[in-house]
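Single chain ahead, by itself, as structure tokens, in the form predicted alone.
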Amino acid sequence: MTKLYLKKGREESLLRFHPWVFSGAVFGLEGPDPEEGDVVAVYSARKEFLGWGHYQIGSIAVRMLSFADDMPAGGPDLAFWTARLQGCLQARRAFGLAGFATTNCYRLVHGEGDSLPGLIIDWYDGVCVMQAHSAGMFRARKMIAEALQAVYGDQLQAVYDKSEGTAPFKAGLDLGDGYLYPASAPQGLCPRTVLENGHRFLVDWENGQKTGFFLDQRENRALVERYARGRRVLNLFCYTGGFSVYALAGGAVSVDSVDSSGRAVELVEKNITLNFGADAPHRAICADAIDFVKDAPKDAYDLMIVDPPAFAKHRGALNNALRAYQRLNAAAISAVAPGGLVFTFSCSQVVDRETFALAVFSAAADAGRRVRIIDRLNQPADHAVNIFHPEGAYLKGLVLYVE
């Protein structure tokens, strides 16, 4: 196995268990030139063993899988992956998610938060949907699928790999979404109806965004349900209508769901009908969410959900993203009725909590209205943040009361 040596003094972050080795910290390699996704051993400049992980080309040179001298001969084997995934499942049981009747969908693996950097696995009532964000995890996907069978046993019906849009494109990687288990694509499995806090949702992992459903907003959707009674609700960037279902369940008098994707709007309508029938006080609107809220009649809504896609996926886009958050939130704060609430979010990892709050502050100042922050929102327990990797805290939100 190739040994990777760090520059003098650059081992400090690994001694604090940060899971990334940046390319600027690398002094040199000893042994065969590694291909992207190979396992390498990491050493300090004093030749002290620090751990091992997946090698990659880019600003992050190694994603660490272990800080112990415990690598199986020949690299991570089935027993390694099974033990790691079993630990993830035990954690979800401890969080009150796995094995409960009212919720049968959750995130099993959340990358660095579960000490498996580069790997995402979501569980949808018997189906695991996997996304590899590194070449190393992509190359290990078939063994990971075997490990999932060992962990879940007869509960597991299928494993779907949806890494084509997330794995780094490299020559030799057989990129293409499809089922890793069973051997032939199961018929009639997708879309699938799952339960979240007793609410029913159709999940289409084959054609939908991400793994098919935004599991990270589960607790925040439940908070909307608490506040929705008697309110007229606008759900912007609604995707498949998670917030809309919860708002109606909480007693909203009306809900408008807006998304620019026609397919998403179709799924919103199906999810509303699935939970409330065809006569629910709901409108699904295919439109640009930013234009819609700018043109919305003043005081038409008492509660707004502003949950846009990531405006900044890298630091170079940060300033433009902050201006976009400011304009969007100014429009929402201007339009909401007096005494109304605005649930506003950012899922951009490079936008930290303080910076997002400052953008919303500027939006309130632009709108010229008195605004109070009544809650600060986060990602749920199954999207865990490794305490040694604070960058994993990507989802942040505010609940605003607008006078």
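Just so you know, these numbers come straight off a predicted model, no measurement behind them. Numbers follow the displayed sequence, beginning with 1.
The same protein also exists as the form predicted together with a small molecule; that form is not shown, yet it is the one meant from here on.
Engineer: Within 4.5 Å, heavy atoms only: does V151 come near the small molecule in the predicted complex?
Structural biologist: Because no heavy atom of V151 falls inside 4.5 Å of the small molecule in the predicted complex, the answer is no.
Engineer: Does at least one non-hydrogen atom of D288 fall within 4.5 angstroms of the small molecule in the predicted complex?
Structural biologist: Yes, D288 lies within 4.5 Å of the small molecule in the predicted complex.
Engineer: So in the predicted complex, does any heavy atom of Q326 sit within 4.5 Å of the small molecule?
Structural biologist: Output for Q326 is no: heavy atoms all beyond 4.5 Å of the small molecule.
Engineer: Can any non-hydrogen atom of T82 be found within 4.5 angstroms of the small molecule in the predicted complex?
Structural biologist: The answer is no: T82 has no heavy atom within 4.5 Å of the small molecule.
Engineer: Among P309, P72, G176, P182, which has any heavy atom within 4.5 Å of the small molecule in the predicted complex?
Structural biologist: Contact residue from the list: P309.
Engineer: What is the one choice in N275, T193, S261, Q86 with a heavy atom within 4.5 Å of the small molecule in the predicted complex?
Structural biologist: For this set of options, the contacting one is S261.
Engineer: Is every one of Q209, F237 and F243 in contact with the small molecule in the predicted complex, taking contact as a heavy atom within 4.5 Å?
Structural biologist: Yes.
Engineer: For the chain shown here without its partner, which stretch in 125-133, 280-288, 87-95, 154-162 has non-hydrogen atoms within 4.5 angstroms of the small molecule in the predicted complex?
Structural biologist: Going by heavy atoms within 4.5 Å, the stretch is 280-288.
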